[in-house]
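Quick heads-up: it's one chain on its own, the form predicted alone, in structure tokens.
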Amino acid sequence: MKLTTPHMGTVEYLLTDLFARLGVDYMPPPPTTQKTLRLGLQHGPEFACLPLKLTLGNLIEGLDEGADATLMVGGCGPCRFGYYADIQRRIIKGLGYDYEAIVLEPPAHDFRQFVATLKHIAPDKSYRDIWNAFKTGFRKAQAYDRVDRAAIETRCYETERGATDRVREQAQALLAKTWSHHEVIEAETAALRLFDEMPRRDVTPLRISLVGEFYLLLEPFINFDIERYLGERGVWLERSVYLTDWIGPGTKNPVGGHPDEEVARFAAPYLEYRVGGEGQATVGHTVMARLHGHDGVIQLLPFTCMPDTIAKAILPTVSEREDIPVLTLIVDEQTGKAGVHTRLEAFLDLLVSRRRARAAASA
């Protein structure tokens, strides 16, 4: 079996390590490009979410590179993401590909099925082998996420453009060499120390929360690498979701630091019920952003995303009552980088003006 999967943030680090431990021939698809998008647009449903089209393009490119099996995460709840795997299987089979489509349900949803799927992929491994591989591989993936978090919180202070990216590459290289659980922990400590040792500018940066649909937040190609763009313009960022928090078997979210229960509690005055995806979390994190002293919130969502469209309808009320500006960016295949950057620049100007006005009023 030669297995391929779609790209999404740091998932490639997790799967590369996990399948190496399980002895699975894993081959990620080529990097996501405009060609990937064109494939998804050509073969995907017209009004489907953009993440479905991009991940469809990833799978087709992976099969074209020689894979004979695909792995796609499943899902549950009132969000179309749970249908992606089946829709993509039907489309790709209809294109004439002879392959095996495997669906991996999130461990928090059905851990037994999750392990059983890994056993199907690696039949020669015992359940104990699979558990040990997942436990250590997942801990390593958390370390990669913590490196990502350190990067987006540090870039605004860098004294030389590109310094944060170079340090992140060094940190990732330290993690890549690890195998045992103890080695992962030691490498993570050393990796995060690299960020602490970076020269820093003495500035008080704007503080912005990035909230919204998880794929759009995690995948730089689709969000126009917004974290780097804002960080290079002196913005300190907090992202509301990290890969290992999203797919983890628990709800404490150790990387992001905000348990699901806490986020839901802050969302409750505006949105009491889960509506699928990151809908309720988007509202909760927006309220929390104001409590944490952030200057503004940016919501990212793909066009037609139902859960975050619900959140979008609520956020103007949240913005007014909590007195925190919110910018919503809706992304589809027609969205251009220049237009997104223009809106971001205008939003940053607004936040700077608000900060100056408040400083003058308190003087």
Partner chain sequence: MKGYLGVDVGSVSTNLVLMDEDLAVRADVYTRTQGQPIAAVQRGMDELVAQFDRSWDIAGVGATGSARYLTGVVVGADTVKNEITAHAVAALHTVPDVRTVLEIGGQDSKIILLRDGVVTDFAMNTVCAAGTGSFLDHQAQRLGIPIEEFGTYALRSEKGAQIAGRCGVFAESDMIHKQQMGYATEDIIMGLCESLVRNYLNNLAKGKTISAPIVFQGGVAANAGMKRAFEAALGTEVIIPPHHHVMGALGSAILAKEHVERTGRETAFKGFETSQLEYRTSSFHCKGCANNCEIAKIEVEGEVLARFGSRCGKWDVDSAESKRSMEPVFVVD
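Residue numbers count along the first chain shown, from 1. Since we're looking at a predicted model, the values are computed, not measured.
The form predicted in complex with the partner chain exists for this protein as well; it is not shown, and the discussion that follows is about that form.
Using a 4.5 Å cutoff between non-hydrogen atoms, Glu320 counts as a contact of the partner chain in the model of the complex.
Within 4.5 Å of some heavy atom of the partner chain in the model of the complex lies at least one heavy atom of Leu348. By the criterion of a heavy atom within 4.5 Å, Arg201 is counted among the residues contacting the partner chain in the model of the complex. Contact between Gly234 and the partner chain in the model of the complex is found at the 4.5 Å heavy atom cutoff. Comparing 107 to 115, 201 to 209, 134 to 142, 251 to 259 against the partner chain in the model of the complex, the single stretch with non-hydrogen atoms within 4.5 angstroms of it is 201 to 209. For the options Arg193, Arg265, Arg161, His182, the one in contact with the partner chain in the model of the complex, meaning a heavy atom within 4.5 Å, is Arg161.
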